[in-house]
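This document starts with one chain, in the form predicted alone, laid out as structure tokens.
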């Protein structure tokens, strides 16, 4: 059994989490220990006890450990990518790409550990100088989702450790394997006992226990409903909080868009990774002049996508991650039909050579802004096409959402691209690119109901994982 990591020791727990391959339900990836509320308290206590020493460790010590972890992740990217594909269902090339990104994140933050900056200012009073510096927050709880089982744990834990915090990570119960592999790598890279703790199991048990145990900050990626509850709980306890809660991201196709480029952006953004990305473009807003040609070509490309086993080199789309997620996807197909949208292709559960959670990508046209498939995050391979009269109408439709994570436009006009970049109500804007797909060295996050608190990734990660201290020096 793969155990929890608490205070530098591997600790078992029951019941076992049976990690099954969504491409082949007869393939058991492994058994993983479930932690109890008492285990969570022990993990937080261990992090608290070791924080004074770790927070005062040298930047070089932290950089060396993170760099070693990044190097091992990159050296094992095929092995770890295969593990990720087996437990989450991404196609193998996507899974290997995610692992490589995790390694690059650790190496980037190894550098950030050495690049911490401050400010020295003259006071308004004579003979006084002001030093502004950053210090680690303390014990940070990390709750990570199932759709990026190593990249998101990496982009949360790497900056937390780089800036001198201690970590208690609770990965999604559906995909413990990649998080366990990351914990094992960090343990062997030389982290002192208690600096990084991995606590696996039920979110209903471990989430409240994490907050009750007395952490200083919480970074969460998951559903909007859970995020809102955590925000309220953290506010009541005075815990610093960072939330990423999804999106309903628009891809605007202007009349002057290059057709094949626009279709490729839509296919990638809506259906790759089985649509299980918070940045997926599940609302495709198409201007009247290009609408019919675009929709015809998009339907042709969507129907031709090859759904199959994640490890099959012929597969373009892997399985849905779980039975519950598949049921939710299919229920949205039913809602779309009931609301009067036209199902152009897909939307069926598929029976393939191995038992798995397979679904054909669903493409709807004739959608209106009020339909559930146009407004609610589905988190699966279901895309809704809305017709717009012109660019201004399309922009209004793009912004007509309670979410604001990512937004994209396909156009050959610099003027339209510039206008959209400035007026799209989203934290990230893509021009002639899929809405899904971001770099690890720049800030990630959104507006409105998508995000709360400081941005993740890049130099902006310091805003969450550090606190500012102002010191006055009398000369």
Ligand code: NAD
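Numbering follows the first chain given and starts at 1. The shown structure was predicted, so the numbers you read here are calculated from the model rather than taken from an experiment.
The protein also exists as the form predicted in complex with ligand NAD; that form is not presented, and the subsequent description refers to it.
Partner-facing stretch of 257-265, 206-214, 306-314, 131-139, counted where any non-hydrogen atom is within 4.5 angstroms of ligand NAD in the model of the complex: In short, 206-214.
Considering non-hydrogen atoms and a 4.5 Å limit, which listed residue (81, 347, 222, 164) is close to ligand NAD in the model of the complex? Answer to the contact question: 222.
Though ligand NAD is not shown, can you say which of 145, 361, 103, 404 has a heavy atom within 4.5 Å of it in the model of the complex? Of the candidates 145, 361, 103, 404, 145 is the one lying within 4.5 Å of ligand NAD in the model of the complex.
Would ligand NAD in the model of the complex be within 4.5 angstroms of a non-hydrogen atom of every residue among 54, 108 and 181? The answer is no; none of 54, 108 and 181 reaches ligand NAD.
Is residue 98 close enough to ligand NAD in the model of the complex to count, meaning some heavy atom within 4.5 Å? Contact check for residue 98: no, nothing within 4.5 Å of ligand NAD in the model of the complex.
Is residue 380 close to ligand NAD in the model of the complex, meaning a heavy atom pair under 4.5 Å apart or at it? No - in the model of the complex, heavy atoms of residue 380 and ligand NAD never come within 4.5 Å of each other.
Taking 4.5 angstroms as the cut-off for heavy atoms, does residue 440 touch ligand NAD in the model of the complex? Although ligand NAD is absent here, residue 440 would stay clear of it in the model of the complex, with no heavy atoms inside 4.5 Å.
4.5 Å heavy atom contact, residue 187 to ligand NAD in the model of the complex: No - in the model of the complex, heavy atoms of residue 187 and ligand NAD never come within 4.5 Å of each other.
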